[in-house]
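Only one chain is included here, represented as structure tokens and corresponding to the form predicted alone.
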């Protein structure tokens, strides 16, 4: 049979895993610095947990898992698919980490301390069309704070974004909007009941352009007058403060819109005081098409690479209410490790030493020499130095070629003279220099 894997999934070679772990470790260290705690949830969730949480588009992209056993015998296949699906699929692969997190909070509410700050690095699955930067299986790195409606949560997310991408050496722009502002826009054009339609369409602005967004809004039932009424919003110019002041005038009759302006104004004042190194801007076309967002929303773009969003998130006020715990506000972000990987690869920003999975290789000249090598290799490993002994007494040329292919930093030679003198001969593979030292001194130097 021909070996293959499903489209939109990937194998990862050791060198790729070293780079991925560099990303994961960097993000994890920043999460820890802000006192977030780790959790994990199952890959499979009940479909009742997942369905209806991601909007019309999201529900279409859920991977549904067939029930096991003889589940087909009582199914009425003459019914509509929406009625058949629950009978044959009770579970699905998680679409993101946020909805399972809300379920987790409700289920374990007596075992966690509010405000609860969690981070989670696990794969998710979406039945999307694979393309550059978009996979069917990918690894978000999430951090959420739940149990407080303070805008300090939003500020800390921006600070974590700033710190992560500063450490990774990626110049980014953080785009911020507020779903209450989008609700205000729906109010002023006389279509408050069409908020979801408006946000789903506006969220595609970067991908399909303004005219295509206008056409989609018409197709979703907005009148020509309502579509035209959005033009002043798209045309707003200036910095965040200027845009918010203009919106304040436009939202004179929208209490929800004014509340969104107030929240954004306060948040941008806090961000200014924090002095981030990255660019932060107000983007009124940012919508993020997930239905559960209720307040601030975020999206991060790399400045030097043509790539979609590499990080995003927002405020959700009552996601836990769906699972029986109403009135608990949360805010969170998700770093897209796979897209970050692609950005770092294109920019050539991965540290050169990442692929040195073995730092030292002992050349094997035979049984007696091997016994001597085992003693000192053990000492290096106990000191945390990744160390190899070549497994058999092959030709030295073959062993040296292996060292080169593994990216080994130092090769150690043990021959008759080294055995007699109690020494080790070290070769620096980068410079080609060789040095013979007493064994303990050589081990200290390698450490």
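For the two forms, the rigid core is made up of the largest set of C-alpha atoms that agree within 1.5 Å on superposition. Numbering follows the first chain given and starts at 1. Model, not experiment: these values are computed from the prediction.
Below, we refer to the form predicted in complex with another copy of the chain, which is not included among the displayed structures.
Colleague: Identify whether another copy of the chain in the model of the complex is within 4.5 Å of every residue in the set 55, 134 and 352, based on non-hydrogen atoms.
Modeller: Not a single residue of the candidate spot has a heavy atom within 4.5 Å of another copy of the chain in the model of the complex.
Colleague: Which of 291-299, 90-98, 203-211, 229-237 has heavy atoms within 4.5 Å of another copy of the chain in the model of the complex?
Modeller: Correct option: 90-98.
Colleague: Does another copy of the chain get within 4.5 angstroms of any non-hydrogen atom of residue 417 in the model of the complex?
Modeller: Contact check for residue 417: no, nothing within 4.5 Å of another copy of the chain in the model of the complex.
Colleague: I'd like to check something about residue 387: if you look in the model of the complex, is any of its heavy atoms closer than or equal to 4.5 Å to a heavy atom of another copy of the chain?
Modeller: Residue 387: contacts another copy of the chain in the model of the complex.
Colleague: Evaluate residue 107 for contact with another copy of the chain in the model of the complex, applying a 4.5 angstroms cut-off between non-hydrogen atoms, and reply yes or no.
Modeller: Looking in the model of the complex, residue contacts with another copy of the chain include residue 107, since a heavy atom lies within 4.5 Å.
Colleague: I'd like to know if residue 155 sits close to another copy of the chain in the model of the complex, meaning any non-hydrogen atom pair within 4.5 angstroms.
Modeller: Answer yes; at least one heavy atom of residue 155 falls within 4.5 Å of another copy of the chain in the model of the complex.
Colleague: Quick one: from 167, 248, 241, 220, grab the residue that has a heavy atom within 4.5 Å of another copy of the chain in the model of the complex.
Modeller: In short, 167.
Colleague: Go through 339, 103, 194, 175 and name the one with a heavy atom inside 4.5 Å of another copy of the chain in the model of the complex.
Modeller: Filtering the options by heavy-atom distance leaves 103.
Colleague: Can you list, in sequence order, the residues from 26-64 that come within 4.5 Å of another copy of the chain in the model of the complex, counting heavy atoms only?
Modeller: Counting only heavy atoms within 4.5 Å of another copy of the chain in the model of the complex, the contacting residues of 26-64 are 32, 33, 34, 35, 37, 38, 39, 40, 41, 42, 43, 44, 45, 46, 48, 49, 53, 63, 64.
Colleague: With both forms fitted on the core, check whether the Cα of residue 9 differs by 2 Å or more between this form and the one not shown.
Modeller: Shift of 2 Å or more: yes.
Colleague: Using a rigid core alignment, state whether the CA of residue 354 is displaced by 2 Å or more between this form and the one not shown.
Modeller: The answer is no, as the C-alpha of residue 354 shifts between this form and the one not shown by less than 2 Å after core alignment.
Colleague: Would the C-alpha of residue 179 be classed as shifted by 2 Å or more between this form and the one not shown after rigid-core alignment?
Modeller: Residue 179: C-alpha displaced by less than 2 Å between this form and the one not shown.
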